[in-house]
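Shown here is one chain on its own, the form predicted alone, set out as structure tokens.
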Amino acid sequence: MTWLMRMILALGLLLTPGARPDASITVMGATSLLSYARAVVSGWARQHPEIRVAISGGGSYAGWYGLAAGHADIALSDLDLGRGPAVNERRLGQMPILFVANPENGVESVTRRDLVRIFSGRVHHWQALGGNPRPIRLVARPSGSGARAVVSQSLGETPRHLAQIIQLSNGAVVRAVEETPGAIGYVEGDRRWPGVVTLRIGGQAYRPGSRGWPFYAFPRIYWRQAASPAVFSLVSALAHSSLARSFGIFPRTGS
């Protein structure tokens, strides 16, 4: 975590040292975790009808800054933001990152090196990768997205001068890829999306829990140590729910 993020978080905790009232809990952060959070909250809320839970996205960094500023009680993140003072962290497991392409590109398998060349702008046409003669179009997540950060860490930063179609969620990315000739993008989770090709990497198709798959995000929950009992209860529900696998969150493998 950068010194600026630590400073912002520390200031936010000083200004808002306590948790929000038990009657209201705000969950904010990674859009890839929102469906899971809503499913867990739906069951949890039946046991806590007196508490209103508000869930919103905005990305991993938005959740982190929301926690710092006192606008959120629980932050959802799909990358490691580190720990600030008086903040707890819980790792949820791992979520695969899959690369999806327009079916008309004529490519169903790429190597990691191919992806580096695509996202760095060193290759501009699918024909150079054995596909059809059409230009490559990048569909990406916004700069505050944890998924984008994970892809950048794995493949290198995409130069700013390269045109990108920015979409806010997995579903929006898939729709843009399906509707845009030459498009390639990335999504989190192991859902099979109709209308696009889920690319094999080095000839390997993703399988749930695959140890050899090269692209994973590692989702986390953050909350204040001084949180209310209701917040701790909801964090525990999010951390231990049996629904995780059905939303593409698997136990972490390897180191």
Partner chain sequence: MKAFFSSPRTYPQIDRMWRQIVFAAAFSVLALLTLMILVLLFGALSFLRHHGVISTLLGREWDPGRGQLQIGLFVVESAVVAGLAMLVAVPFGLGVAIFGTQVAVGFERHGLRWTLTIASAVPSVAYGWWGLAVVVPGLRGLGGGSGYSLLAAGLVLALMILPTFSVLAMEALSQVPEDWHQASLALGANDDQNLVRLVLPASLPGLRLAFLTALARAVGETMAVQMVIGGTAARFHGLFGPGATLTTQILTDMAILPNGSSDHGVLDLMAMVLFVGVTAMTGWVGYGQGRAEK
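Since the model is a prediction, treat every value here as computed from it, not as a measurement. Residue numbers count along the first chain shown, from 1.
This protein has a second form, the form predicted together with the partner chain, left out of what is shown; the following refers to that one.
Peer 1: Among the candidate residues Ala86, Ile165, Leu155, Leu129, which is the single one with a non-hydrogen atom no more than 4.5 Å from the partner chain in the predicted bound form?
Peer 2: Contact with the partner chain in the predicted bound form is made by Ile165 alone.
Peer 1: Among Gly93, Gly121, Gly106, Pro142, which has at least one heavy atom within 4.5 Å of the partner chain in the predicted bound form?
Peer 2: After the contact test, the surviving option is Pro142.
Peer 1: Given the stretches 216 to 224, 189 to 197, 33 to 41, 52 to 60, which is the single one in contact with the partner chain in the predicted bound form, using a heavy atom cutoff of 4.5 Å?
Peer 2: It is the stretch 52 to 60.
Peer 1: For the three residues Asp114, Arg117 and Phe247, which mark the spot I'm curious about, does each lie within 4.5 Å of the partner chain in the predicted bound form through at least one heavy atom?
Peer 2: Not a single listed residue reaches the partner chain in the predicted bound form, so no.
Peer 1: Just to confirm, Ala176 within 4.5 Å of the partner chain in the predicted bound form by heavy atoms?
Peer 2: Answer yes; at least one heavy atom of Ala176 falls within 4.5 Å of the partner chain in the predicted bound form.
Peer 1: Looking in the predicted bound form, any heavy atom of Tyr65 within 4.5 Å of the partner chain?
Peer 2: Residue-level check for Tyr65: yes, a contact with the partner chain.
Peer 1: Test of understanding: in the predicted bound form, would Arg137 fall inside 4.5 Å of the partner chain by heavy atoms?
Peer 2: Yes, Arg137 is a contact residue.
Peer 1: Decide whether Pro181 counts as a contact residue for the partner chain in the predicted bound form under a heavy atom distance cut-off of 4.5 Å.
Peer 2: Yes, Pro181 sits close enough to the partner chain in the predicted bound form that at least one of its heavy atoms falls within 4.5 Å.
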